[in-house]
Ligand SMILES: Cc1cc2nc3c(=O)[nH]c(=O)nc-3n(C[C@H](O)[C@H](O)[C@H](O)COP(=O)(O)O)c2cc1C
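Encoded as structure tokens, the following chain is the form predicted on its own, with no partner shown.
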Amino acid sequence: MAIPTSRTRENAEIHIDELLCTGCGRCVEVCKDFSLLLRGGHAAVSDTPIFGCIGCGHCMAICPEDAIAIHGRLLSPDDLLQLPPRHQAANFAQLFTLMQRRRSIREFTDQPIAPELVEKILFASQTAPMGLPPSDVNVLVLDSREKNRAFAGDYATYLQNMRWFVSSWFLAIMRPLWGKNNDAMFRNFVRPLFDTYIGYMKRGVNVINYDAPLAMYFYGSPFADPADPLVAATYSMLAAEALGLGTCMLGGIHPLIQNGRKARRLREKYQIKFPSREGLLVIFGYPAVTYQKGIRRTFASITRL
């Protein structure tokens, strides 16, 4: 009963070397699928797991004797890596400083982003917790100002052809169906967004992705947890901040390219493999502006029970 993803539909296989296993039970403790148990003083594969091995690798990573090998679901012992020592990790003050300093930057210099920095951002983003393995997060990389302007132009043309979607007659029809709150959102945000994106592009001003030297679009698949691409995108912004880059997440693109034939054609042109419940476009570049102050933000509510 394997859990399917877009990348595999099979369970992984657990191999235990009884000559190495000491029966410490750590693997049994961390396997939340109950795929492992202790039998005869050694770890063994259970006959009654919940799903079967999903390939998370926890048992293989925690085994002090390297007695467990997982094969399948795009995982193998070759994927194990030695964790950096705790003293090399950022402490809370350092991490909080990094997060406080990150501002939404939409003004960039003309300096391109070196390919090795792009790879560092992607490498860091892949460390994000991304649901059931193997990850169903996909990333589209637009690594030049020219590519981002071309995408923005295509997106503005797409919106122009979809303008009926925010017309008064369509919103009047839809109001009883999607309610007062959605109606207010479309009238007060989505329709002005259409007008702004289309109007400024006609004047040669790109306020869609700001001609950023780098953009990454994180999206899922029909199997992905909706949060997965958003968490990976967040990691990308923190990694970029650590590399001296400015970032901004843009939410005005993903929701509007998920449905319909025109949206599918735009996705196909940019090799976006799937429609996705959630996704996020993040732009990156060397900041052309400098902030000395930040803005304190708050949650809508915090309930402590």
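The structure presented is a predicted model; accordingly, all values stated were derived computationally and were not measured. In case it trips you up, residue 1 is the first one in the sequence shown, and so on.
Below, we turn to the form predicted together with the ligand, even though it does not appear here.
Engineer: Is there a heavy atom of residue 102 lying 4.5 Å or less from a heavy atom of the ligand in the predicted bound form?
Structural biologist: Yes - in the predicted bound form, heavy atoms of residue 102 and the ligand come within 4.5 Å of each other.
Engineer: Would you check, heavy atoms only and a 4.5 Å threshold, whether residue 275 touches the ligand in the predicted bound form?
Structural biologist: Looking in the predicted bound form, residue contacts with the ligand do not include residue 275, since no heavy atom lies within 4.5 Å.
Engineer: Given that the partner is absent here, does residue 239 sit within 4.5 Å of the ligand in the predicted bound form, heavy atoms only?
Structural biologist: Residue-level check for residue 239: no, no contact with the ligand.
Engineer: Using heavy atoms and a 4.5 Å limit, would one call residue 249 a contact residue for the ligand in the predicted bound form?
Structural biologist: It does: once the ligand is placed as it appears in the predicted bound form, residue 249 has a heavy atom within 4.5 Å of it.
Engineer: Heavy atoms within 4.5 Å of the ligand in the predicted bound form: which stretch among 159 to 167, 104 to 112, 88 to 96, 173 to 181?
Structural biologist: Stretch with heavy atoms near the partner: 104 to 112.
Engineer: For the spot marked by 197, 210 and 297, is every residue within 4.5 Å of the ligand in the predicted bound form through some heavy atom?
Structural biologist: Yes: each residue has a heavy atom within 4.5 Å of the partner.
Engineer: Could you work out which of 280, 266, 245, 256 is the residue within 4.5 angstroms of the ligand in the predicted bound form, going by heavy atoms?
Structural biologist: Selected option: 280.
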